[in-house]
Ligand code: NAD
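Shown below, as structure tokens, is a lone chain in the form predicted on its own; questions about how it binds or moves come after it.
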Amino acid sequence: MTAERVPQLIGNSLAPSSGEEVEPIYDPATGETIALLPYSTESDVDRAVRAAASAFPAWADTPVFERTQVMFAFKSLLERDFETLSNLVVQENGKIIEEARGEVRRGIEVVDFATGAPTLTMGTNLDQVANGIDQQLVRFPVGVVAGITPFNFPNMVPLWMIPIALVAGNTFILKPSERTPLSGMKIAQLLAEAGLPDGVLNVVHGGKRVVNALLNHPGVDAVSFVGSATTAKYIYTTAASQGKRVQALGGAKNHLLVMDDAELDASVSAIMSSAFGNAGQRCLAGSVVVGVGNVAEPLLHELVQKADGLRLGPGSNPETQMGPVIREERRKELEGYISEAQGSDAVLALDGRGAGPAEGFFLGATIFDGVTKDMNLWKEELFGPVLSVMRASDIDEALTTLNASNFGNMASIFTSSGHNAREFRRRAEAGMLGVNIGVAAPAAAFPFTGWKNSFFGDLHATGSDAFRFYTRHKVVTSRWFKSSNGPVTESA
């Protein structure tokens, strides 16, 4: 049976690229090829930009209430196809079904938020800023926006970008991950069904060459990106140097501080979900646990016991508790980190190598104890089910460890002390903080506020920041003179 070739979408044309490079799309749980992805060419990218630019004037001129009606229809279609979308995430990403449903639900929440555009795109005005003079701030769309999205949330991250950009009056070019393009194409299909005009959303496929074509195209006005820190910095510097507006969300090394006054059972449960949910492949995954005081030993014991009991398998099986990593080469990279760390002073408390079904790209939960700040286990974003356990004598030492990281995406503290929680809230150098929360993910109405090498740009994704990112401001200063003469008439 021949695998389906994934199309690109340019204007009203839905057909595979004629480019020579083709990427197989695998089901990570089986290793089976489920589709083939022909990469778009530079010519395809140029046509997509031109289609978006051609559609922009009419779409920007469409009343915001009419653009919002498309979002209401889109939301209804997402709800209708909720299970289809969730199963698609399972198939191309490998998540377990409950994680996939959670991803789709979080994406729909952004569409909900975007339907508030008539209020959220309002300007402001001030009467009588000077004698007889008024000022008004008015928001306008930016233009053609490119969105470059990762494999780990193939449904949610495009929905972080597309609904808000479109309802604000922009046109959009999506470049989904070449590993998980099927969800992006399904989103495009549903938007067309919702009544989005041709050319307002376009989809191209590929790797670095296609990304560079978008970054360097003079017709692209803004770029949104989610991915690794190295790539985020490259996206930001390349696009910003050409005067484009950029938001680039990068990597993470999220620390979870467990105080000796924490509720241990509840803390362990939250840490397990944070560290091993989505097989650790998310930028809000807890990858470092710092046991403070005398909690470290019982904490480690509980984590190892529970992680060792996780059931690995295909995400479509409702009894599966953890799915595979995205590709075989990713598994080998993670196994390389594990082997390297074994040569250090870190103690391998739980080895996940060889766990799970023989088919697919599985790596079991892995835990190292005694990790220190000179180890790559601590320095680098591993992006997999590998958890590092560290020790600290008090909250000051724990915060020093956390703040030494080059990343600043998310951090959480587990404690029963209001004093500890307040110290953490004020002193932790990360943009998203949790108190007794394993994954401190902001709701759609709040921005996704990474710090340090976890974010490059000024305005974050989602929330009010997103509406500010996808709009430009004009400030109009006006004065009207009272005429001392009557209306001018022509003489006979």
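Don't overthink the numbering: it's just position in the shown sequence, from 1. Every value quoted in this text rests on a predicted model; they were computed, and no experiment measured them.
Here the subject shifts to the form predicted in complex with nicotinamide-adenine-dinucleotide (NAD), a form of this protein not shown in this document.
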Option from 115-123, 267-275, 143-151, 100-108 whose residues, in the predicted complex, bring a heavy atom within 4.5 Å of nicotinamide-adenine-dinucleotide (NAD): 143-151
In the predicted complex, the residue from V211, A307, A392, V288 that sits within 4.5 Å of nicotinamide-adenine-dinucleotide (NAD) by heavy atoms: V211
Position in contact with nicotinamide-adenine-dinucleotide (NAD) when the complex is considered in the predicted complex, options G352, G206, G169, P181, heavy atoms within 4.5 Å: G206
Any non-hydrogen atom of T415 within 4.5 angstroms of nicotinamide-adenine-dinucleotide (NAD) in the predicted complex: no
4.5 Å heavy atom contact, V226 to nicotinamide-adenine-dinucleotide (NAD) in the predicted complex: yes
T366 within 4.5 Å of nicotinamide-adenine-dinucleotide (NAD) in the predicted complex, heavy atoms: no
4.5 angstroms heavy atom contact with nicotinamide-adenine-dinucleotide (NAD) in the predicted complex for S454: yes
Interface residues of 277-304 toward nicotinamide-adenine-dinucleotide (NAD), as seen in the predicted complex [heavy atoms, 4.5 Å]: C283
